[in-house]
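Only one chain is given next, in structure tokens, and it is the form predicted on its own.
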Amino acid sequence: MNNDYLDPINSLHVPELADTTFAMDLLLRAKEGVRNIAVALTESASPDVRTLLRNQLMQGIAMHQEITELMINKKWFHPYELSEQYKLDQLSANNTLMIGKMNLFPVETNRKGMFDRTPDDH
């Protein structure tokens, strides 16, 4: 891969990388939600609140399971195959380093003439 971020070759597989990133983020947020609801459940005294939180906890666990199964089916997550998961983690780390080395903010940032109208004078 070259360092020209405008070169279309650099956008190959980007949608798939974005999907895996979004799915992993959603999985982590679901896990955080389950953890937070479980803590709230242990702290609540009202039977009505405990019932509500218990129901939300079960929904959160089910959502976490659905996301996990989706990621496993898509081969985005390998919780039972650590060597495969390690390969994915290495690929992610290498992609992050590669993106970090790209010249995303060139010295010349003048965009005059790139827009169909001039900005309002406010």
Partner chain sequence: MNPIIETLTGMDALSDQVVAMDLLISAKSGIRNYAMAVTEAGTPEIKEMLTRHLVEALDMHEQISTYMTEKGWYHAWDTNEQISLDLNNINTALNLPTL
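Positions refer to the first chain, counted from 1. The structure presented is a predicted model; accordingly, all values stated were derived computationally and were not measured.
Below, we turn to the form predicted together with its partner chain, even though it does not appear here.
Heavy atoms of every residue among R35, R54 and L57 are located within 4.5 Å of its partner chain in the model of the complex. The single contact residue among V39, L70, L26, L91, judged by any heavy atom lying within 4.5 Å of its partner chain in the model of the complex, is V39. Although the partner is absent here, Q85 sits far enough away that none of its heavy atoms falls within 4.5 Å of its partner chain in the model of the complex. Within 4.5 Å of any heavy atom of its partner chain in the model of the complex lies no heavy atom of N95. Not displayed here, its partner chain is approached by R50 to within 4.5 Å at the level of heavy atoms in the model of the complex.
Residue contact check for K74: none of its heavy atoms lie within 4.5 Å of its partner chain in the model of the complex.
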